[in-house]
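Subsequent text provides structure tokens for two forms of one protein chain, presented individually as structure 1 and structure 2.
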Structure 1
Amino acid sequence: MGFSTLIDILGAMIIGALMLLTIKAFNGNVSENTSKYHSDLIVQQNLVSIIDLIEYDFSRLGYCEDPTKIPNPENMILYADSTAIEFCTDLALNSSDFRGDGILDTLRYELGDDVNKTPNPNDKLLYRFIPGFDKDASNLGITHFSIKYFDNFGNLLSHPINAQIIASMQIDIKVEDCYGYDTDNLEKEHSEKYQTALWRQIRLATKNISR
């Protein structure tokens, strides 16, 4: 075996190693892109789910099937804070019958504590419940939920909020993937690990609280 033959073998080994590295990198990129696509889809679906529920509930703020029980506009919102709100409504009888039973209910939304069972350190529970009963919540990857309140002149209300003069609201929601991709990679930023979606409802003013 001559010297030139050894050079050829060495060259072939180097080229082969480079090809293997290229294939490995390609497979890694495909795997990451596929994971991010599915992660983004889940985030979008979760965001749509929570938005549909919030828009539906808030559109029924102050509603009651029995008109004699509809509260005065200034008494429809019972509590208001940047991460919680409690208001009067008449909850739907079931998913197929959106009419209420004519009994005025109290519904509360409240941002809870961090969810410690997922890799994402920022996801929290958003509770939706009737005060006095068990809290109902699902982990949809919500990492931010906030409400701003405005009076009928459009002025931002400061805390503590006077619920009797609320005329409109701004709701912000941020949803992230709970499990992310390559979460153990310390070189990646938080935004590179967890797909994110934002939603903002500007000046939500339901017909029942218009003043």
Structure 2
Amino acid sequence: MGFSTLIDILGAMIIGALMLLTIKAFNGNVSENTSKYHSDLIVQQNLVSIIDLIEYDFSRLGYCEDPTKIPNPENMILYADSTAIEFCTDLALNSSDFRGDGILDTLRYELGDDVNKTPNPNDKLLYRFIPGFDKDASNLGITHFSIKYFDNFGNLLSHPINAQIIASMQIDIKVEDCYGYDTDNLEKEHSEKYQTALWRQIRLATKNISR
């Protein structure tokens, strides 16, 4: 084995190492981008699922299949806070019949505490439940849920909210990926680790309040 052969081997090793490093970097980038793409999709799907449900429920605020039992406006919303609301409605009989049974139900939305079992330090549970029954929830990565309330003249109501004079409301929701990517990397900002999606319903006024 001559000197030139040695140079060839060393050169091949260097080129091979460079190629391996390139492939490793390429693989890392591909993994990160794939993960972020998927996270984006999951976050968006979670957000759409949540707002579908919220728009559906809030559009039925004060509704009753038996119109004579529809509560007076001052009794439609039983409790209102920036992260919780409880109101009268007539829940659908089943998934194929969206009408109610003519008996008023009470529905409550309430933002819960932080979820500790995921890397994302900000995700919380949003409960949707009938008071008196168990509060079931699945973690869809909600990190912000807030409601603002307005009276008939568009004035923002201050806390404590007088639920009797609510005429419309604004709902803000922020959803983040619960698990993120490269979450142990301290050099990354929070927003670089967890994909985010926002939704805001401006001045939601249910027709049964303003019927």
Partner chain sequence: MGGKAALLLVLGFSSILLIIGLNFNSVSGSAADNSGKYFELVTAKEIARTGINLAASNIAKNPGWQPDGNPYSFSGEENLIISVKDTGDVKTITAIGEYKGITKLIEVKVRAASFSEFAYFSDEEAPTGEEIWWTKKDSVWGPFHTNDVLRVSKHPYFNGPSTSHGGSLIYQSDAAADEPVIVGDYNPGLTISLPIDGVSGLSTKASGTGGYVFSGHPEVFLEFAGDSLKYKFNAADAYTTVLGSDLSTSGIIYVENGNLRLQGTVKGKWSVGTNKSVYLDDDIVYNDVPDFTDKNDPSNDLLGILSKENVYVTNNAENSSDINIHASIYVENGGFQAEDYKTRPVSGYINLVGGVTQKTRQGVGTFNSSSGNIESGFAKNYRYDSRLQRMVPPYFPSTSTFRILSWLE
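Here, residue number means position along structure 1's sequence, counting from 1. Only a predicted model underlies this, so the values are computations on that prediction, with no experimental measurement involved. Rigid core here is just the name for the largest C-alpha set that superposes within 1.5 Å across the two forms.
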Pair member that is the form predicted in complex with the partner chain
2
Does the C-alpha of residue 9 move 2 Å or more between structures 1 and 2 once the rigid core is lined up?
yes
Given a core-based superposition, decide whether the C-alpha of residue 20 shifts by 2 Å or more between structures 1 and 2.
yes
